[in-house]
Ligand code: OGA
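Read the single chain below, which is given as structure tokens and is the form predicted alone.
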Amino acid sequence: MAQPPDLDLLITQDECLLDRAADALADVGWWCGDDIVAPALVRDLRLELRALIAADALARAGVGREADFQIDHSVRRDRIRWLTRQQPVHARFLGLAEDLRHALNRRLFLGLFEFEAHFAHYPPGAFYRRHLDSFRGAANRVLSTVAYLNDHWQPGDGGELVLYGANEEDEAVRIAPRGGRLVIFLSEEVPHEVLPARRDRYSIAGWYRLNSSIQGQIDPPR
């Protein structure tokens, strides 16, 4: 039986937790919470991702967008699959991300317009070098999110997300990819990287974007 949608993303049921997340984003540019995505949804998403891996249905991840897109194994080695509302378990997660969008807009007045996300599989040895999710001033991505789907992640398994501070050299925090954990950070302001994984690492990377309409075309590709 499917998990009721309002029980999938636990943060949307906790106004105090939402307030703390918004305050952290405003003060330091990032927030991390444990046991935010409900265990049943973590399990269902993990099973979906494993089925996609078994079917060889993931694509090699690249860097850059549109004409600038390229595959560079020296920068990143994960594989991805974009979420769509046509798949029920994808739709559950995307619907909850929409609830979170409204909650963050009410608190931070960011004008977040839409959310896009993909599964990310880091096989053993895979990594993603330090980068920003959006070029400063581009305003195409405002908030980045990472939801982790791993079970029984242990110290020594690697795959940590490292967020860097304002000088882009000092680590602000190192976050293990524990299942149910959700990370949110400012896309233009927080450099970050994924350290090499020592076992299969499962997650959903997502981005909240602005509406950059041009001549009636909503949020055209860049």
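None of these values were measured; they are calculated from a predicted model. Throughout, we count residues from 1 along the sequence that is shown.
The next section is about a form of this same protein that is not shown, the form predicted in complex with this ligand.
Q: Against this ligand in the predicted complex, would R181 count as a contact residue? Criterion: heavy atoms within 4.5 Å.
A: Looking in the predicted complex, residue contacts with this ligand do not include R181, since no heavy atom lies within 4.5 Å.
Q: Is Y122 one of the residues lying within 4.5 Å of this ligand in the predicted complex, judged by heavy atom distances?
A: Within the cut-off, so yes.
Q: Since only the chain is shown here, I'm wondering whether F115 would be in contact with this ligand in the predicted complex (any heavy atom pair within 4.5 Å).
A: No, F115 sits far enough from this ligand in the predicted complex that none of its heavy atoms falls within 4.5 Å.
Q: How about L94 - does it come within 4.5 Å of this ligand in the predicted complex, if we only consider non-hydrogen atoms?
A: Contact with this ligand, no.
Q: Of L58, A38, A172, L161, which one comes within 4.5 Å of this ligand in the predicted complex, counting heavy atoms only?
A: Contact residue from the list: L161.
Q: Considering L83, A126, V146, L110, which brings a non-hydrogen atom within 4.5 Å of this ligand in the predicted complex?
A: Of the candidates L83, A126, V146, L110, V146 is the one lying within 4.5 Å of this ligand in the predicted complex.
Q: Where, within 41-62, is there a heavy atom within 4.5 Å of this ligand in the predicted complex? Residue list please.
A: Result: empty, none.
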